[in-house]
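Below sits a lone chain in structure tokens, taken as the form predicted alone.
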Amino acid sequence: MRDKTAVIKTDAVLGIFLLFFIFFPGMIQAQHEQKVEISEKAKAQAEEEIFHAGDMITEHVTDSYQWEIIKIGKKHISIYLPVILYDRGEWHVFNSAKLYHGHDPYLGYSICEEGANLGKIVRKNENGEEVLPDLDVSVTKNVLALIISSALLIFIFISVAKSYKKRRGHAPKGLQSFMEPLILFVRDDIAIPSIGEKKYKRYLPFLLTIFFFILLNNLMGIIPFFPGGANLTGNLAITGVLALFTFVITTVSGNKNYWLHIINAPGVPWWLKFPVPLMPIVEILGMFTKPFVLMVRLFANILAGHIVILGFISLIFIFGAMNELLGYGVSIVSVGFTIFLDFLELLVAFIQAYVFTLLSALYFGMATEEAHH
């Protein structure tokens, strides 16, 4: 009996050891795979939590199919705008929420995350390459900002016009008292000196429109929350259209004296005009460089201001990721410089509206100037 008991105990021990050596490597491997999976998830989560200053700045200064109101942790409170595409003979209309925050491509469309089409809606063609749709007329952040600012300008000037009718002969009051000095400034200090008293009225509506449009959107771009924060006048397409209007009006308004100075400028040596028309070529190129400079000056000044302010704000998160106390220390300097730059941006908002309007008025004055005998 003792021998049998000893044999049974020996067999039981051997069985336990056998089971241990069979299952233990599998348990170790499973634990290892679980640790690897957890570490990969931790790495991915850590990668998501790393602050990328370049991405943040690019996101704020470029156009978008959503208008982010606030971000709390991983939750986004945004206004998702309608996407309107015409591609491969079909119209597609849907909400941009289907394209953001980890969603799979919707109807084959997605937001491009890198390259020349960064931030735009793309689809993959037969070769797997990302291409733009045939036509994209979606309501983007800048489009919505344009609608809001235009509606606000219409409301302001209709209210001021009604006040003038009601209070004819009386001192200005309320909004009228704020707008009147600015209107008189554009008329008396920009339009009349640049164009002349006889012809300024023809161009005054346009000059007032571009002055207040640029000024309002410059100021709204400084406001960090909705409906402000859009970089409308820092968008090359917007400034390009404004400059194009100035170019067209200047060209159409040009009189005989204006074109004579371009083709056959008086007082210029003949060898600069014949046989090689150097001066006419330079003057014709000048017709196009003037609006180009208008476009780039406004775009570059406004965009640079936003980038510098966002850069100072980014320093808080960059140093905070290194050391929490260092982040708090840098925040004092960053916030101070940001407030200073915000006040500087207020000045730049007025200056850029003034410069664009003044140069447009000067171009109109040059186009309509009569010959002096």
Partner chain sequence: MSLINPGFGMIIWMTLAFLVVLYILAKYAWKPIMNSLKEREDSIEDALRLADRTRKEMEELKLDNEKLLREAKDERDAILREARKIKENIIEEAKEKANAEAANIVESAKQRIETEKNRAMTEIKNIIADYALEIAEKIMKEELKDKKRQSAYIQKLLDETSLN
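Residue numbers count along the first chain shown, from 1. Keep in mind the model is a prediction, meaning the values are calculated, not measured.
Below: the form predicted together with its partner chain, not depicted.
Colleague: Counting heavy atoms only and using a 4.5 Å cut-off, do S78, A321 and V335 all touch its partner chain in the predicted bound form?
Modeller: Contact check failed for every one of S78, A321 and V335.
Colleague: Answer with one of M287, A97, L146, L216: the residue that has a non-hydrogen atom within 4.5 Å of its partner chain in the predicted bound form.
Modeller: Of the candidates M287, A97, L146, L216, L146 is the one lying within 4.5 Å of its partner chain in the predicted bound form.
Colleague: Its partner chain isn't shown here, but in the predicted bound form which of A237, I281, V268, L107 has a heavy atom within 4.5 Å of it?
Modeller: Going through each option in turn, the one that passes is A237.
Colleague: Can any non-hydrogen atom of N142 be found within 4.5 angstroms of its partner chain in the predicted bound form?
Modeller: Contact check for N142: yes, within 4.5 Å of its partner chain in the predicted bound form.
Colleague: Is there any non-hydrogen atom of P205 lying within 4.5 Å of its partner chain in the predicted bound form?
Modeller: P205 belongs to the contact set for its partner chain.
Colleague: Is E130 near its partner chain? Define near as a heavy atom within 4.5 Å, in the predicted bound form.
Modeller: The answer is no: E130 has no heavy atom within 4.5 Å of its partner chain.
Colleague: Do T62 and its partner chain come within 4.5 Å of each other in the predicted bound form, heavy atoms counted?
Modeller: Heavy-atom contact with its partner chain at 4.5 Å: present for T62.
Colleague: Could you tell me which stretch in 259 to 267, 272 to 280, 221 to 229, 206 to 214 has residues with non-hydrogen atoms within 4.5 Å of its partner chain in the predicted bound form?
Modeller: Contact-bearing stretch, as computed: 206 to 214.
Colleague: Of 121 to 142, which residues get within 4.5 Å of its partner chain in the predicted bound form if you count heavy atoms?
Modeller: Going through 121 to 142 in order - heavy atoms within 4.5 Å of its partner chain in the predicted bound form - the hits are L135, D136, V137, S138, V139, T140, N142.
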